[in-house]
Each structure stands twice: as C-alpha cells, then as structure tokens.
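Quick setup: one chain, the form predicted alone, written in structure tokens, and binding and motion questions come after.
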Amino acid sequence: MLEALKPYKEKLPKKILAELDEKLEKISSQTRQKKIIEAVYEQYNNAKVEAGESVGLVSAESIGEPGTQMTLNTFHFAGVSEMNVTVGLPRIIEILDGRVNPKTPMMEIYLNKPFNKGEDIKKLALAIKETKLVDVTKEFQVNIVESVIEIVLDKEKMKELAITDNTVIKGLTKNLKGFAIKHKGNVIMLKYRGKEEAINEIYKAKEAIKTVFVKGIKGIKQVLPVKRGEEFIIVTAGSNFKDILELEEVDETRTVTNNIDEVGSVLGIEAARQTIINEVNKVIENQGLNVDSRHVMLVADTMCVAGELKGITRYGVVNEKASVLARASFETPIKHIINAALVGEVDYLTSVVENVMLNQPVPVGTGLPGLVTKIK
C-alpha cells in the first residue's frame, strides 16, 4: 500500500483503498496523491448517512417520483418484427416484482476473436437461433386415406442453416410417438400406427410436429448481429443464459441477459443483485431521468438479502417483514391481522409505517432518541 494511504487505513473501506492504491500508483507527485486522497475522504464522509435517516422512505420517494414521469412504451428494433424490448415503467415494475419470465427476454452476446471482428458472425448467429421444423418446411400435407403426414422440406433454408435431413429425422424420432418415419428426396412421410379411424390424432400430430425442435439453442427466438464500437455482438430475442455461456465462441465474462432470475440461478445472488441495479439504472437513463444509484442499490439489497431473489410484492419482501401492521398496510390486511391474532404475534412498532398508522412519533430523525428525565 502507498505511504500516503496508510493514515486512512481505518477511515476508508477496503474497496476504496484498493482502487485508490491502483490509480495513484501512476501519479508520482506525493502532494497530488495527498490532495486526491483528501478529496476522496471528504466525498466519502459527505456520502455517509446520518444516524436516524429513513433511507427507505428517501429511496421510495426518489424512485417513485421520476417513476410517475416514465412512459409506458415498448422499444422496437427496426427491421426485425419479433425484436421488441420492454422499457419505461412496465420494465421497472417487471424488475421490482422479481418476475421469473420477463415479457421480452433478450441477451447481448459478446464474442471471442475472430467472431467479434465480424468473421462468420452471420453463420454463428444462425447456429445459435432456435430452429423449429416449421422454419425449414415448405408445406405439411395430410393423406387421410392412408393415415400419412407428408412434410415437404425447404432445401434452401436447410442449406442456409446447415441442417441435414438426418437432423430433422432425429428431432422427429425424439418428439413423436406412434408414427413410422420414411424419407424420400425432400419429403418425409409419417405413417400413423394406431387405428385407422383416429383422424383427429393425425391432425393433432400435424400441429405438434410444426414446433419440433431441430437445431440451435432453445429459447433464442431471433438473432441480430450488431456493431457496438469496434466489435460485433449478437443481440437476441429470447434468453437461455446457461446454454449460451457454454459455447466456446462466446465471451462469458461480458455476455448479459435481462432475465434476472436466470442470472441468479446460473451465477448466484450477487450477480442477480448487480443485474437489478444495472437494469433499473438502464431504464432510468433511457428515460432521461436522474436517480442516485444508491437508492436503487438499497432496493436491490432488500430483494436479495435473503439469499434468493424476492420481488417487492405481498408474496415476496413484504411477507418477510417482522411487523404485523407493516404487512397489513400493503395488501390483504384482514388476512395478516387474523393470522397474527391466531398465533399471538407482537408488534414492537420499530419502523415508520406502523407508527404513522397509530399516530405516534416515527422513530427516525428527532424521534430517534427517547428523552428520560428524573423528576424530583
């Protein structure tokens, strides 16, 4: 550690000290080093919260007020019909509710060399995209007399996606039961083995085989190679974080998804917390609003403090509150009050909401210390 930093060892957090140590190494002048450290120390002290400050209320106010000015629209990628991205208020609600399936899941896939320079990027993008049988088929025909479904394959599409007849047959064998498969030229025939009169079964099977998975990564509905600065990345509609990270062409250190639940299950709760912060900040910035990141961090901490992702809903964070009245103030009050009465729960009135409900001083700010005097 630098000599100038030693007096601040107990005064500044380890993370800030480490960053300063790394950055100040490049500065040779000790006077400049000292000035920078003093400025950082002053900023750090100004950023500290006073004892008794109700940070929860301040955060709620700071996020809620700009939230009312947010738009309700969906952003659309030009030229690709399936590529929509939920932005604005609906996206904020989606994140803070901790929803497992976002309305428009998407990924930004960063690539290793040489793919990030644009080499074979279209080929790689098509290999990632989920291909179903309907995507490589010209038409489906049903011969009721012989109980046969005929699939006419589109050879050009198959060539473009590097799919062989065997790949299609493998997919059909895996997903279809009760059919004999024959292959001739660009036609695959499926003969029903059951009773002749089961016409509805054949028509049901015809609809089912359209969605048979043939190639690619499940869940990736659409792909779009995009130039970002000096390199190419692939933006996707749909998300499958776990399978994408396993590809050797993918730079797993930078690839991201907007599905927070997926991040939590693949990379853990700390990564999920960081994703909440990044996603909320992204929405706020896109709307041209300004909210201090610490308010967002507090919300993210609240959602992840239990070691699993919990939304700010009556089933998530609110359900965990120790105070009966605070739980009752959110939604379904009668249920909470009856359940608390049945087990004899006690509310110690330590927080804001319950004291407001009872018209008492709130234990924050000047209401924090209790005054005790001896009367003669």
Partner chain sequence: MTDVYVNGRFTGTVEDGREFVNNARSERRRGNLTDNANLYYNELSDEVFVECGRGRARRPLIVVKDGQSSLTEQQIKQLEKNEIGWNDLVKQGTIEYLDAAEEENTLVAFFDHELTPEHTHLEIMPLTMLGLTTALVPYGNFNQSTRLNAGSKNQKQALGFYAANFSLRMDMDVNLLQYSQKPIVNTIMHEISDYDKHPAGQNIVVAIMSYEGYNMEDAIILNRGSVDRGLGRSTYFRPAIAEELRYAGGLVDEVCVPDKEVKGYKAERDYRFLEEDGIISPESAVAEGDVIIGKTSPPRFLSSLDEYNLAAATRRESSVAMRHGEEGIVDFVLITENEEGNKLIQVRIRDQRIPEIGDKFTSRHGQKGVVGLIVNEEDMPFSSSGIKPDIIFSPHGIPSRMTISHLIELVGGKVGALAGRYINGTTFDAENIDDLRKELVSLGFAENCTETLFNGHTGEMFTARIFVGNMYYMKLKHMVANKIHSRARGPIQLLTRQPTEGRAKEGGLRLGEMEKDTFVAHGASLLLKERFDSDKTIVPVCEECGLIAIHDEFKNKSYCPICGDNVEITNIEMSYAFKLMLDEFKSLGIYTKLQLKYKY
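Residue numbers count along the first chain shown, from 1. Everything quoted here is computed from the prediction, not taken from an experiment.
What comes next is about the form predicted in complex with its partner chain, which does not appear here.
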Exercise. Give a yes or no for residue 323: in the predicted complex, does one of its heavy atoms lie within 4.5 Å of a heavy atom belonging to its partner chain?
Key: no
Quiz prompt | Interface membership of residue 346, its partner chain in the predicted complex, 4.5 Å heavy atom rule | solution = yes
Quiz item: Hey, in the predicted complex, is residue 341 touching its partner chain, heavy atoms inside 4.5 Å?
Solution: yes
Self-check item: Exercise: residue 58 in contact with its partner chain in the predicted complex, heavy atom 4.5 Å
Solution: yes
Exercise. Look at the stretches 50-58, 37-45, 307-315, 22-30 and give the one with heavy atoms within 4.5 Å of its partner chain in the predicted complex.
Key: 50-58
